[in-house]
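Only one chain is shown below, in structure tokens, and it's the form predicted alone.
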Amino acid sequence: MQEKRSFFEWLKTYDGQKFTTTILFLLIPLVLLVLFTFVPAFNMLIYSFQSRDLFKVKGWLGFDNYIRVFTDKEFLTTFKNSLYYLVGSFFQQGFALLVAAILCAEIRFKGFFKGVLFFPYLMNGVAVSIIFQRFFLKGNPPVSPEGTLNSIITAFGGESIKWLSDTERPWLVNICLVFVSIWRYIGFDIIMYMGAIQSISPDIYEAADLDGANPWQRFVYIIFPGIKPIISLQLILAVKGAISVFEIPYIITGGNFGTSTFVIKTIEMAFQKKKLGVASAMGIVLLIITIIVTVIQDYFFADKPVKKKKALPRASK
């Protein structure tokens, strides 16, 4: 009969040492996660029910801060601006998937094209914003020169346009900012989709060729089902990015001319207007929206049981 060992004796065994090593490796990340994520998030939840500045509580408001976020016009405008980036992100994902499928084919110089398309993602966001700020600039000749785009337009006899400062057409300014965002981040999406497409077994493609599948059928029946997890992940990141846009509009326009986003307004409420309670409520709303979108996308992209397997249609002779 095997004798019972104490806990400290068990720690000296192989299983005990493996357990101890695992706990020690996980301890530091867990402490950092709790200290810098869960504790601030819990404090933010408490602040969202208060009227307070950065240092003291002025009173408890209940759900008044949340009601203001969804009823005040200045906050609703930021939600409307997020729709520009949301539509742009879906266009970005579709175009990135198309380019990735093309680059996975046997074409010349595809390594060069991959490098060129991925290069903008490696650039600093501040540098990208300054480049396009100069590109879309509406100058005041002869005091200040026109930007690159307006210089081209005027060279062909056209009139320069206020791309980034048109108060009567804020949709034009937002579209320009969305274009900058797509230009910078689409390279990352292309690389992600290429990696997913290339991970599909070549045997499946060979079987599809034997069945006479055309390129569209290969995409619908092989590529799309094979990379659904990556598409789901990219869409989650795209929606989250559309809601939490900050860097590009803040540097290029400062949130002016109808381009303020949810995050810019949150920072403005917290550090300029000193209304930390409202800013905390906005942060909680952003978290809830992200969770809801993630759950919805997981539902639609979940692997559902197939009732009847459908064979690929053969090409007619």
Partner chain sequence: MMTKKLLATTTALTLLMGTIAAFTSCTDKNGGDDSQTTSTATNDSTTTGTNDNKNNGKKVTLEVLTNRTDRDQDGTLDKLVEPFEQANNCEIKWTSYSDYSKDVPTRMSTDDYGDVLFIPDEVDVNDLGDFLVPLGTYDELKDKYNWVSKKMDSKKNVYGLAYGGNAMGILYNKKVWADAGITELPKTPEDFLADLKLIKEKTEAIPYYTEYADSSWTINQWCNLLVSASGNPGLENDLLTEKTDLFTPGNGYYDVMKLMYDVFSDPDLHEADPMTTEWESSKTWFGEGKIGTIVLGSWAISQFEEKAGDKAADVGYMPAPFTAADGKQYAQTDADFCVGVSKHSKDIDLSKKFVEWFVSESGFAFDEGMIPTPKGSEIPSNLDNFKDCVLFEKDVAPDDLIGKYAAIDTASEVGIWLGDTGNFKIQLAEAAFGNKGEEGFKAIIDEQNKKWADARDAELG
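Residue numbers count along the first chain shown, from 1. This structure is a prediction, so every number in the text was calculated from the model and none was measured.
There is another form of this protein, the form predicted in complex with the partner chain, and it is not shown here; the text below is about that form.
Though the partner is left out of this view, E268 does reach within 4.5 Å of the partner chain in the predicted bound form, counting heavy atoms only.
Residue contact check for Q93: none of its heavy atoms lie within 4.5 Å of the partner chain in the predicted bound form.
Contact check for N43: every heavy atom lies farther than 4.5 Å from the partner chain in the predicted bound form.
The closest non-hydrogen atom of A100 lies beyond 4.5 Å of the partner chain in the predicted bound form.
Checking L117, A196, L164, V178 against the partner chain in the predicted bound form, a heavy atom within 4.5 Å turns up for just one residue: L164.
With the partner omitted here, the residue from S144, T71, N124, S201 that has a non-hydrogen atom within 4.5 angstroms of the partner chain in the predicted bound form is S144. Although the partner chain is omitted here, in the predicted bound form none of G277, S280 and V285 has a heavy atom within 4.5 Å of it. With the partner chain left out of view, the stretch that reaches within 4.5 Å of it through heavy atoms in the predicted bound form is, among 35-43, 22-30, 252-260, 285-293, 252-260.
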